[in-house]
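Just the one chain here, laid out as structure tokens, in the form predicted on its own.
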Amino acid sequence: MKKSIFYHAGCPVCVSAEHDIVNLVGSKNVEVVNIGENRSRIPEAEKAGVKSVPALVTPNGNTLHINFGASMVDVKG
């Protein structure tokens, strides 16, 4: 089974959402990507439709924006 991907930028809102998502779906079902630290994954996130973080991309390609920590423009600097 393909995993969901949770993108975040390391801010307090994002880290809180990360903990909730991992507790909700289980760590085996989600890949956590901190694009604040792993900037090479930004194009991948944008291609998946991520407009702001935190965001969860489901295995079937839906992008769910959770709360609001930062826009991708802000993340890219």
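Predicted, not measured: the structure shown is a model, and the values here were computed from it. Residues carry their position along the shown sequence, with the first being 1.
The following text describes the form predicted together with another copy of the chain, which does not appear among the structures shown.
Engineer: Give a yes or no for G10: in the predicted bound form, does one of its heavy atoms lie within 4.5 Å of a heavy atom belonging to another copy of the chain?
Structural biologist: Output for G10 is no: heavy atoms all beyond 4.5 Å of another copy of the chain.
Engineer: Can you tell me whether S71 touches another copy of the chain? I mean in the predicted bound form, with a 4.5 angstroms heavy atom cut-off.
Structural biologist: S71: no contact with another copy of the chain in the predicted bound form.
Engineer: Only counting heavy atoms and a 4.5 Å limit, does any residue of 47 to 77 reach another copy of the chain in the predicted bound form, and if so which ones?
Structural biologist: Contacts from 47 to 77: L56, T58, P59, N60, N62, T63, L64, H65, I66, N67.
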